[in-house]
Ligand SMILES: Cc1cc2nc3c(=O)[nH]c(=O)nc-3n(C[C@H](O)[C@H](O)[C@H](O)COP(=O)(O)OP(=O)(O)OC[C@H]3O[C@@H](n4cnc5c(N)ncnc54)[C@H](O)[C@@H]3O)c2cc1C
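What follows is one chain in structure tokens, specifically the form predicted on its own.
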């Protein structure tokens, strides 16, 4: 790890002004670029410290967000939605009474993320902005496409944990389980810049697939910080479920995870549905064909099975990850039936 300066920002505008570059831009820059002027903000720092230790990121300064008031906590807004401060830890959210009452599927997903020690430090904002776990991306010896190089080593290499959708250029999978659930719920993010201006972006649109930009996973800009995650008012009676599968029941990243949300008309047929696959693509993957398979249908074992098969539409597994096809098919079916069983 290289030496760096340390500073505490006292306000949002000060932090944004100090954020001269994003982590994605810093990692894709040619070696030596930025020099003594490169500064990056730090939230919980779980992912950031990993990148620093591996010398994948060499900033001149880290600017901590910890002391900025108003960046943590959960607030019930007047319109019925929830505002979650980006600096709120995963542990706080997993046990938060408001979140457990209003959106238990998100609280449960966060409780099952990482280890207890990491959940006590990691923030929701940092979780959404963490960089991919691909071992080629994480190894300093491989200058892959996402780090400004000319090749995705995973496409013909060790790709058993990699993407089965949208993997033609870069085969990473998005690492955030929280993102899978939040996209299914229609969440948005709030971002603020150094001039005090704010913008809100639907989380699904905030994530950037490789065909738009192969070097970044999101639309965070220099001199901008993520301040809050905004959950809309959820329809009365919305059925929600999240399921995941890993190699072992511990703090590993999942091999596959699925978030489902749908509501029913008075006759019991599905009015609209969201089916999002995590660990399947470079961004949380919306299974649109599976969603269409539910709309206008009563939710039963047969409908859920058809939607599970439809969720694989467009999948192009690599040499070592075809096992994800039956895995996702089963998880989608299970998630749909689990959501339907909840009142």
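Keep in mind the model is a prediction, meaning the values are calculated, not measured. Residue numbers count along the first chain shown, from 1.
Same protein, other form: the form predicted in complex with the ligand, not shown, and the subject of what follows.
With the ligand omitted here, the record of contacts in the predicted bound form names 223-231 of 96-104, 265-273, 223-231, 194-202, defined by a heavy atom within 4.5 Å. For the three residues 47, 114 and 126, a heavy atom within 4.5 Å of the ligand turns up in the predicted bound form in every case. Residue 281 falls outside the set of residues with a heavy atom inside 4.5 Å of the ligand in the predicted bound form. Mapping the unseen interface onto this chain, residue 252 counts among the residues with a heavy atom inside 4.5 Å of the ligand in the predicted bound form. Within 4.5 Å of some heavy atom of the ligand in the predicted bound form lies at least one heavy atom of residue 43. At the 4.5 Å threshold, heavy atoms of residue 9 stay clear of the ligand in the predicted bound form, well away from it. A single residue from the set 175, 186, 81, 157 has any heavy atom within 4.5 angstroms of the ligand in the predicted bound form; that residue is 175. Checking 256, 90, 164, 181 against the ligand in the predicted bound form, a heavy atom within 4.5 Å turns up for just one residue: 90.
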